[in-house]
Structures are given as structure tokens and as C-alpha cells.
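The chain that follows stands alone, in the form predicted alone, written as C-alpha cells.
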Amino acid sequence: MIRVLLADDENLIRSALRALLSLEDGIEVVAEAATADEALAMARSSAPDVAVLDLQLPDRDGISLAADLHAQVPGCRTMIVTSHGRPGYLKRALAGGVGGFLPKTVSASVLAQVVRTVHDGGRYVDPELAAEAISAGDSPLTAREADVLELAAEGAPVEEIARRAALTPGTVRNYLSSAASKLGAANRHEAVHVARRHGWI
């Protein structure tokens, strides 16, 4: 029996996933969570074989949750089911050891098959998402540029970004200018939009 944990903040989606998986032989949903912190606590207590994670949870993203699950519940394999299938997210997920990455539009049979594949140590990536990731290429941003751009995405003024990133305002302006230039954007707001569309921040 493959023991599954579901983490999705949308009750309807979580219930639908549970209902679909409960129809499958050899798969049992043993825990459900609406946040990453809940999912970690439940994983520690129920020791699932596979965690099916939403990419965007209220307290953080499913990719960082997967990393914590790998560290704290070593027997638990992870997969992401998302409506935000950006190339950058896919690459980060695979680099972090996530075994499956698929859109919420897949059929119940594909979902169950991916759970089994991931449980057996295999990997599955939705073919369309894989093709997009290959054509999008790698992020042109340095880690620091991406960090500063992410802080700018919240609309914070340069001085606040500088304080939160432990940089000088001049350095923040340089990073924002460099990021906008690399992304072919006219300003930081457009740069944020481009980077988000590709899943680079």
C-alpha cells in the first residue's frame, strides 16, 4: 500500500485529489494539509511514502517544502501538482529532488500512475512543461538579482529593499537595473512580470 500525504490550501482540490486516489488499488491517503507547516508536522507523524504538494501554499512554496520533507522524513518522496507550471519552477523542483511535476489538468489515471512511478524511485515530468522549460532556457539572473527583484515585486521602495537585503540603496538600484537589462524590461515592474512569467522568481 502506497501511503500518500496531500498538501493543498484549496479544500475542493484536496478533496478531489483524495477522492480520485482512493479509487485506486494500492494507494491510501493517510494525511491532508492546507499549509507547508501542517504538511511537515503530518509527515513526521504519519510517515507517508509520497507527498503530493501544491506549488503555492499560503506559508511558502511546495519546492522548499519538498526539501524539508526530504531532510526530515527521508523515506518520503515528493511530487508537485500545480496550476502554475512555469519553466523556472520545474527546474528548481527537479534540482531539489522532486520526483514528479505535473499540471492540475492531468487525468486521474495519470495522477495515480505518477504516484506509483515516484514511489518506485522514478521521475515524471509533464511533456508540455518539459518542452517549455527547454525552450525558455536558464534564468539570466544572478541569485542576488533574483532576491532583490523578488523583494521589489512586493512594491517596496529601494530603501526598504536595501534594509531587508542588507545592501546599500545604490547597490539595490544597480541590481534592479541589471535585472531589467538582462530581461529586456523597461523598468523593475516589467522585470518582475517577465521573471515571474518564467518562474525565475
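Numbering starts at 1 and follows the sequence shown. Since the structure is predicted, the reported quantities are computational estimates derived from the model, not experimental observations.
Another form, the form predicted in complex with a further copy of the same chain, is not on view; read the next lines as being about it.
Choose one stretch from 105 to 113, 125 to 133, 68 to 76, 89 to 97: the one whose residues place a heavy atom within 4.5 angstroms of a further copy of the same chain in the predicted complex.
One stretch meets the cut-off, namely 105 to 113.
Would you check, heavy atoms only and a 4.5 Å threshold, whether residue 22 touches a further copy of the same chain in the predicted complex?
Contact with a further copy of the same chain, no.
Does a further copy of the same chain get within 4.5 angstroms of any non-hydrogen atom of residue 26 in the predicted complex?
No, residue 26 sits far enough from a further copy of the same chain in the predicted complex that none of its heavy atoms falls within 4.5 Å.
Do residue 187 and a further copy of the same chain share at least one heavy atom pair within 4.5 Å in the predicted complex?
Within the cut-off, so yes.
Should residue 170 be counted as a contact of a further copy of the same chain in the predicted complex, where contact means heavy atoms within 4.5 Å?
Because no heavy atom of residue 170 falls inside 4.5 Å of a further copy of the same chain in the predicted complex, the answer is no.
Does each of 37, 42 and 140 have at least one heavy atom within 4.5 Å of a further copy of the same chain in the predicted complex?
Spot residues vs a further copy of the same chain: no contact at all.
For the stretch 1 to 27, which residues lie within 4.5 Å of a further copy of the same chain in the predicted complex by non-hydrogen atom distance?
Contacting residues: 9, 10, 11, 12, 13, 15, 16, 17, 19, 20.
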